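A single chain, nothing else alongside it, follows as structure tokens in the form predicted on its own.
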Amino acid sequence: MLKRTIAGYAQPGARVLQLGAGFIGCIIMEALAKRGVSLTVVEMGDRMVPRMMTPKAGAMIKHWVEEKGIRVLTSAGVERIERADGGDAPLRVRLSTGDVLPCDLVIVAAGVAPNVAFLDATPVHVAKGVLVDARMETSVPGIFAAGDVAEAPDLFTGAHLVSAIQPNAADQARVAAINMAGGQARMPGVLAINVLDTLGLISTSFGQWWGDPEGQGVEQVDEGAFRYLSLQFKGDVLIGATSIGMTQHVGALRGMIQGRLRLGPWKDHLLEAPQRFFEAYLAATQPDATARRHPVAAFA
């Protein structure tokens, strides 16, 4: 019934208002754009995908989406949704910006949250998700949690967070299963991993992409080509990265971050030329082979 209702209202030319421009929102937005609706996206944050993109990167994605004919309103919220009295649209939405938008359909894409209500009357400690340690064990010995419901320690900060993505779910499930069977396994920590296709524009973010107050970072921006790269360091370790418009070798960014590789002099070199991150990855993982292949690539 719900699918029929959405399909009925989301016809070409229909006025659709979407609340939320995060990861899930961008996926829904692409599906709506393909249907040819007149789409307005409202985001409370100051940029698109605020939980995985730097301010500059989020602004670039917004520009890309607007060029595709989608209206995007950031730093805006919904104050009221009401039935329209007359007019040619059944709904009217009042925004915190003062705008009043007539629309045929409102879609809420405000993200996901673990369903943990069933644990309310139990001794299992719950915050945003089920709190677990590095063994994926809850506050009750012998009870384990893994996947989207688990709130586990971050790889770098140790702070607990829910990271509802498949790679973490698979890693956590493996560790929980080993320990439930009497083994000894530990998660090194949750790594934030996001790969998103927004109307054909590929963006990624890994780890502590927002940086560290005591660390250093570098941004490389080509707004005309919709290409962007941000690297964030703590000491000589890459702790976070963000990219837009790049697909080649981006897995090396994840590898460097997840492996907490010591980059040595490559760290300073990347601050000058961040696009050479794949060379830095090879130098950190295959130093002998890299030296033979690029005898002068180690920095003059």
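In this text the structure is predicted, and so the values were computed from the model without any measurement. Numbering starts at 1 and follows the sequence shown.
Note that the form predicted in complex with a small molecule isn't included here; everything after this is about it.
Trainee: Looking at Leu261, Ala33, Ile27, Leu271, which has any heavy atom no more than 4.5 Å from the small molecule in the predicted complex?
Mentor: Looking at Leu261, Ala33, Ile27, Leu271 one by one, just Ile27 meets the 4.5 Å heavy-atom criterion.
Trainee: Just one of Ile143, Ile165, Leu91, Leu95 has a heavy atom within 4.5 angstroms of the small molecule in the predicted complex, so which one?
Mentor: The option sitting close enough to the partner is Ile165.
Trainee: Go through 101-109, 82-90, 146-154, 178-186 and give me the stretch that gets within 4.5 Å of the small molecule in the predicted complex, heavy atoms only.
Mentor: Comparing against the small molecule in the predicted complex, the contact stretch is 146-154.
Trainee: Taking the shortest heavy atom distance, is Phe277 within 4.5 Å of the small molecule in the predicted complex?
Mentor: Residue-level check for Phe277: no, no contact with the small molecule.
Trainee: Answer for Tyr281 alone: is it within 4.5 Å of the small molecule in the predicted complex, judged on heavy atom distances?
Mentor: Heavy-atom contact with the small molecule at 4.5 Å: absent for Tyr281.
Trainee: Report yes if any heavy atom of Val124 sits within 4.5 Å of a heavy atom of the small molecule in the predicted complex; otherwise report no.
Mentor: Outside the cut-off, so no.
Trainee: May I ask you to check whether Ala169 falls inside a 4.5 Å heavy atom distance of the small molecule in the predicted complex?
Mentor: Output for Ala169 is yes: heavy atoms within 4.5 Å of the small molecule.
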